[in-house]
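First, one chain by itself: the form predicted on its own, in C-alpha cells.
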Amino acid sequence: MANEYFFGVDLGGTNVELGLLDGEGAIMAHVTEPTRTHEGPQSLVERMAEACRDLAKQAHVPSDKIKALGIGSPGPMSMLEGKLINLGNLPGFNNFFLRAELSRRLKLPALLENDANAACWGEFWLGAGRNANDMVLFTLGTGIGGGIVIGGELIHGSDDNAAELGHMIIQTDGRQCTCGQKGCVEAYASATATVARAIEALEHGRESKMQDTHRQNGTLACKDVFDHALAGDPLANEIVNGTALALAQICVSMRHITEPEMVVLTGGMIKAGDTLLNRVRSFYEEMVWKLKPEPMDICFAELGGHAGFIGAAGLAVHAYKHHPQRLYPSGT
C-alpha cells in the first residue's frame, strides 16, 4: 500500500495537527495549524480541508492516490453518526457532523475517532506497541485518557465511549473528579491532581522545599513536584509515590481485565522519565497477584505529539483494508 495515501487529522482545543501518510506509515508531509475555535466549526473545517490539499501538493501526491481520511477528536461523540456531541474545549462544535463536513470538502471516505483512541492506534501501529497484539494506552496530562486494543482491534463499547480509563474508581468515596464521580484515578494521578495533592499538603502545613517554589511562582507545576522528588524532598516523593501507586493500580486492573502484553504511558507527565516509570513498575510488581506469572511491559510512548494524526491516518488505513463499512459514506 506504499502507493496509496491517507490523511490523518488530530483536532485539539488549541491546535490541529494534520498529516499525509502512505499505507505503510511513512509520513509524506505534516503541518500544525491553530484551531481558532472562535471562528466557528465551518471555518475550521474549511481550513482543515485546505491544509490537507496543501499537504498533498507538498508531497506531490495526486488526489486519486489518496484513499481515505481519519479524524481524531476529543469526545464525547457518536462515531456511528460522525458527530461531536458536547465538547467543553471546542465551544460551538456541539452536535456538529465533523466527519461528513470534511469528507464532503475533500471528496474522501472518512472516519471519526476519539483522540485518545487515535493516539493509542498510532502507538500500536508504528510506536511502542508495533510488535504487540494486545495493548493499553494511558494518556497522562490535565486528565487521564486511554485506549484499548484487543486482538488487533480498538475497543469502542456499546455507545462508542469505551476506554474512559481515567474514570476507573480506585478509592471508594475518594477525591472528587471533574466528571462527577468520586475516587477516579484521574483525581489522583493526572498532572493536575498531582499538583493539587501537593498544594493541599503544603496548605496543611507539611514541610517541603516545594513551599519555596510555590511562594516564588505563586503556584506549582507538575514538573516542580517531580523535580523536587528527584532531588530527595520527602513530601514530593510521597506525592509522586501516590501518583505512581494509582497508575500501578489501574495497570494491575487492566492486566486482569484484558491481559495486554503492554501498557504504554504517554502525555506530558512522561517527561518525568524514570522518576515516574520505575515507581509504576515497582508498585505493579508488588500488587499484581502471584497465582501465575503476569509479565507485562509498562513503557513510555515513542511517537510523542505525532501519535494523534498518525493514529488517525492509521485507522483510515485499517478501515480501508479491513472494515470499509466503517468509512463514511459507508463502504466507499
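Since the model is a prediction, treat every value here as computed from it, not as a measurement. Each residue number is its position in the shown sequence, starting from 1.
Just so it is clear, the following notes concern the form predicted in complex with another copy of the chain, a form of the same protein that is not shown.
K.L.:
Spell out, yes or no, whether the shortest heavy atom distance between residue 233 and another copy of the chain in the model of the complex is within 4.5 Å.
P.N.:
Heavy-atom contact with another copy of the chain at 4.5 Å: absent for residue 233.
K.L.:
Can you work out whether residue 51 and another copy of the chain are in contact in the model of the complex, taking contact to mean some heavy atom pair no more than 4.5 Å apart?
P.N.:
So residue 51 does not count as contacting another copy of the chain.
K.L.:
Taking heavy atoms and a 4.5 Å cut-off, does residue 156 contact another copy of the chain in the model of the complex?
P.N.:
Residue 156 belongs to the contact set for another copy of the chain.
K.L.:
Can any non-hydrogen atom of residue 86 be found within 4.5 angstroms of another copy of the chain in the model of the complex?
P.N.:
Answer yes; at least one heavy atom of residue 86 falls within 4.5 Å of another copy of the chain in the model of the complex.
K.L.:
So another copy of the chain isn't shown here. In the model of the complex, which residue out of 148, 98, 201, 128 has a non-hydrogen atom within 4.5 Å of it?
P.N.:
The option sitting close enough to the partner is 148.
K.L.:
Which one, 211, 94, 253, 192, lies within 4.5 Å of another copy of the chain in the model of the complex by heavy atoms?
P.N.:
Answer to the contact question: 253.
K.L.:
Quick one: which of 62-70, 303-311, 30-38, 286-294 gets within 4.5 Å of another copy of the chain in the model of the complex, going by heavy atoms?
P.N.:
Of the stretches listed, the one contacting the partner is 286-294.
K.L.:
Going through 154-179 from first to last, which residues have a non-hydrogen atom within 4.5 Å of another copy of the chain in the model of the complex?
P.N.:
155, 156, 157, 158, 159, 160, 161, 162, 163, 164, 165, 167, 168, 169, 170, 171, 172, 179 sit within 4.5 Å of the partner.
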